[in-house]
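Next up is one chain by itself, shown in structure tokens, the form predicted on its own.
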Amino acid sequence: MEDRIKKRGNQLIVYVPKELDHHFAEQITPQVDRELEKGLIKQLVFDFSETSFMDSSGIGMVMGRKRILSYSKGTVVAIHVNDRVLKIMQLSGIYKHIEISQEPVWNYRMR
């Protein structure tokens, strides 16, 4: 699971697997939260390039991390989102709270 998280300066990147479900959310949440609790992360990036499915557990995990980062004025971004996952994000309303990019190439710039 450690290979799914990468830290770059004040940015934390989570490489989401093929399915963002209860199993993955339960495994990754404590690791991400430990990093966020340090207070050094200003941007959390979820890379959905491999992902074709996301359920309510995944939505809850992303929104929970958004809530934690909002206390320190941090941001959450979803990148490489395919049409199917985008539709789930639109139906859930998550798109109103995080930046979503479908671009195949995303610039990992610091904000």
Partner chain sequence: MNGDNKMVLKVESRSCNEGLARIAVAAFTTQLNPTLEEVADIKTAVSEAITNCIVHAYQRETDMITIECRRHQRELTVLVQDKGKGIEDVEQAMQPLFTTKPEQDRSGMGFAFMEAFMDEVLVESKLGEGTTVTMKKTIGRQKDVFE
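This is a predicted model, so every value here is computed, not measured. Positions refer to the first chain, counted from 1.
Keep in mind that the form predicted in complex with its partner chain is missing from the display, and what follows is about it.
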Report whether all of Arg4, Gln31 and Leu40 sit within 4.5 Å of its partner chain in the predicted complex, measuring from non-hydrogen atoms.
-> no
Spell out, yes or no, whether the shortest heavy atom distance between Ser70 and its partner chain in the predicted complex is within 4.5 Å.
-> no
Is Val77 a contact residue for its partner chain in the predicted complex, using a 4.5 Å heavy atom cut-off?
-> no
Would Leu44 count as a contact of its partner chain in the predicted complex, using a 4.5 angstroms cut-off between non-hydrogen atoms?
-> no
Can any non-hydrogen atom of Ile59 be found within 4.5 angstroms of its partner chain in the predicted complex?
-> yes
Does any residue in 21-35 get within 4.5 Å of its partner chain in the predicted complex, counting heavy atoms only, and if so which ones?
-> Asp21, His22, His23, Glu26, Thr29
